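Only one chain is included here, represented as structure tokens and corresponding to the form predicted on its own.
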């Protein structure tokens, strides 16, 4: 007679989830990943709202990912209305995205997964076992937070980014302060990357599937907006045709849609970006070169180390963007002019956890008549279930506590953002 091992709730992840392992005796028959947080219904909530309210609403899908949701929303709206933003606005948007990645990656590395590597039982235990590393992680996170506060106007749900531009520009003194803070924490990030490259993995070495990586790319990977989705199997699509590449379906055991590229299970995130050739700054490029044997062609258990490389990159990129802003001269345009009209707009950006897509339909008055949002965790959900099954099968015979611990570690390696993923409406 079959039985079910339920891991509920998943700990040290963003949002609420459950893993169910279905067994016959000790044999694993199947594994279900249930992203069980209550559906947020955001696609339906946007319909009927004016264009300028969409970024205000959608950035509240999550606190950690609020900046990238707002920028993606703005770019989809501007695509629909034919708005050409200024160079200054583009630089500030890139800067807040760098800040969001710094904040998110440092939170994940130091607070959520480092306890797994050090076998710490909680945050207090981690502070006792690795006080120096934890303090460094919190310093890095604070720098990312500061960027979002100064550019976005507040720490979460940024209000200063608006259709066509900015509400106001940060002062030169604020930019210089941000640069000083980023330069201060850059050595901390480099030490962190080396640390995660040398720590022994806490995961059982199961024979996980070779991922098919997917990422958002552009001709110039440092510019906005981005142009296409690319995959490591050679498939690609312009972002306006993303539905020709990606399909989503509602599954009965989860409040998030599962996404595939046709019949292919794809993975997104830091590891995918590195394997698909993200353009790195100098010191992060060296860190990637040093860790290439651990990262190239790796499965998602290497995503943590990939985030370490990207943490260096985001800090370096933030410094470069601030330098570019400080070099600007003359009067700075706050908002680009535009006219309201009927249109359809799609935008895709790399969120900390992977590819994020927004599409809106607007009527002649700028009212939203349709919305579609594809999130990184929804894209990764099928891959997570596949890898959870492979790991559970490799651990046949393990006691329930060991099996549960290993499966939780694997989920954390993907760094899921469950709040972003659970926005379905069941019909």
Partner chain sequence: MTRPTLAIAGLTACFGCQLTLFNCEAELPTLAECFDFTYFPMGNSRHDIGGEFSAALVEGAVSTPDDLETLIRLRSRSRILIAFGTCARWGGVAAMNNHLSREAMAESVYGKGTVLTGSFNPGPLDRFVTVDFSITGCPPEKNELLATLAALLHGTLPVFPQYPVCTECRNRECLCLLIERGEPCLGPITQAGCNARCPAVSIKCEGCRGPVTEANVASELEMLQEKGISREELIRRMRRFYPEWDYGQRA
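Positions refer to the first chain, counted from 1. What you see is a predicted model; the values in this text were computed from it and never measured.
Below: the form predicted together with the partner chain, not depicted.
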### Task
Just one of 186 to 194, 85 to 93, 150 to 158, 199 to 207 has residues with a heavy atom within 4.5 Å of the partner chain in the predicted complex, so point it out.
150 to 158
### Message
Please determine whether residue 297 contacts the partner chain in the predicted complex, using a 4.5 Å cut-off between heavy atoms.
### Response
no
### Message
How about residue 68 - does it come within 4.5 Å of the partner chain in the predicted complex, if we only consider non-hydrogen atoms?
### Response
no
### Task
Report whether the minimum heavy atom distance between residue 63 and the partner chain in the predicted complex is within 4.5 Å.
yes
### Query
So in the predicted complex, does residue 41 come within 4.5 Å of the partner chain, heavy atom to heavy atom?
yes
### Task
Just give me the single entry in 162, 81, 325, 245 that has a non-hydrogen atom within 4.5 angstroms of the partner chain in the predicted complex.
162
### Query
Since exactly one of 241, 335, 253, 342 fits, which has a heavy atom within 4.5 Å of the partner chain in the predicted complex?
335
### Query
Within 91 to 126, which residues have a heavy atom closer than or equal to 4.5 Å from the partner chain in the predicted complex?
103, 107, 111, 112, 121, 122, 123, 124
